[in-house]
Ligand code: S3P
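Below sits a lone chain in structure tokens, taken as the form predicted alone.
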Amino acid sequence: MISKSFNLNVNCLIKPFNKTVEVDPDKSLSIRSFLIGAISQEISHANNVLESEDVFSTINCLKRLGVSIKKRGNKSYAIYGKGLGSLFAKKNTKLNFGNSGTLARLLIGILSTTPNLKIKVQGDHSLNKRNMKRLIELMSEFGAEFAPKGKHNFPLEMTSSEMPVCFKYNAGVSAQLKSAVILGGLNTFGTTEIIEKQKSRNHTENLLKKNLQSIKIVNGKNNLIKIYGKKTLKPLNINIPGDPSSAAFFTALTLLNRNSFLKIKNVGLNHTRVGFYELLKKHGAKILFKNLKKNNNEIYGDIIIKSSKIKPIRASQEYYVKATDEYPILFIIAALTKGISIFKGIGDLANKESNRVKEMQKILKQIGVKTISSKGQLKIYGNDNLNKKNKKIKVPNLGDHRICMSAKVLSLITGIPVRIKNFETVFTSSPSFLKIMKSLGAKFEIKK
């Protein structure tokens, strides 16, 4: 499923609203449920799956690797597991990851230790520009090989390890790299150890936790994750909650809009994913989590948001791993908040779908907001009383869903007209985004 290209024009302030909505299902959990289901035994069931382009790319790649996946109802799928080391494709089969960095890193993790594979891997225009050097280095530790040598971006040719070996990995801020090592380690000879000094999102570990023979997690100041190779995995049965990253944009719209209230139902509230909400609550946002429940080691519940007066944001490096996808919209909130906001430890934003620091600086410059970037840090000189006369926002084709979504929120709150090129990229993560915006009273024009 490929969305037809279109641009989006917004030229109207949003009015106050009092609404209850549900956002699209969690993308991280949707992708992981298919990948882990494919290497588990028997039939796994994934319900309330995100039906977006990134997830369809996942399904298509797995089918090319011999996995049978059948739709059983509305957003419900059965995944017929092949077991560890059993994925297979003919020599030089091409796998296209589309726009999904999550799929690219996690599936390459699985395939690196799956014997007898020689495949070609690639993504779309945006993903092909992203640096995969660290992934290549880590998978090479397992014994996988990549060609051409010295090239660190897709397309690449990958040859899996015939004798996959374990190793020790000191994890950084990337949950995707950590997950790639976990998934690769499941089919190695021996025990793969991961020392986690900065605790990144843990969906992969949560989905594997019931396999006590395969994974052991020792929690402490530094988490220790042990992966015992060559053990069979039990099938999954998962109900996927709403995506907290998608919910963040509607949360921001409510906080910034006058006299507004929003309830977002059934959102994933995993403690490694709620940095955005914690940070804003610390700076004056009226946000509550209600009706908390647990399923497959994942916490979910409702988010209650009211219009708020936010103080200038001070985000230390520790927030980055818990709010990675939400930084573009955090920059918008900071820009419309009087005073200087400072975001530290954000150097990794340069290697997302776009260079998110630079591109957001360009957008804020167009509305007259000063920013200074240096050494993995961004200062935003916020203004809650912008001079909007003769201002326009133009967003080029970046292939970055989070920047498109952020620019739309900025226009709705300020009334400054925006033209966003190739807005269809938002459907990689949030196909219901425009529909929900419309239900809140947002007006916009689609230009094909």
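In this text the structure is predicted, and so the values were computed from the model without any measurement. Heads up: residue numbers just count along the shown sequence, starting at 1.
Omitted from view is the form predicted in complex with shikimate-3-phosphate (S3P), to which the following refers.
J.: Indicate whether Arg32 is a 4.5 Å heavy atom neighbour of shikimate-3-phosphate (S3P) in the predicted bound form.
T.: Answer yes; at least one heavy atom of Arg32 falls within 4.5 Å of shikimate-3-phosphate (S3P) in the predicted bound form.
J.: Classify Lys322 as contacting or not contacting shikimate-3-phosphate (S3P) in the predicted bound form by the rule of any non-hydrogen atom within 4.5 angstroms, answering yes or no.
T.: No, Lys322 is distant from the partner.
J.: Give a yes/no on whether Arg201 approaches shikimate-3-phosphate (S3P) to within 4.5 Å in the predicted bound form, heavy atoms considered.
T.: Residue-level check for Arg201: yes, a contact with shikimate-3-phosphate (S3P).
J.: Tell me, yes or no, whether Leu183 is in contact with shikimate-3-phosphate (S3P) in the predicted bound form, where a contact means a heavy atom of each within 4.5 Å.
T.: Contact with shikimate-3-phosphate (S3P), no.
J.: Out of the stretches listed (73-81, 365-373, 298-306, 324-332), which one is close to shikimate-3-phosphate (S3P) in the predicted bound form, meaning heavy atoms within 4.5 Å?
T.: Going through the listed ranges, the match is 324-332.
J.: Could you spot which one of Thr102, Ser214, Ser260, Thr192 gets a heavy atom to within 4.5 Å of shikimate-3-phosphate (S3P) in the predicted bound form?
T.: Selected residue: Thr102.
J.: Of the residues Leu280, Ile240, Ile108, Ala175, which one places a heavy atom within 4.5 Å of shikimate-3-phosphate (S3P) in the predicted bound form?
T.: Comparing distances to shikimate-3-phosphate (S3P) in the predicted bound form, the residue within 4.5 Å is Ala175.
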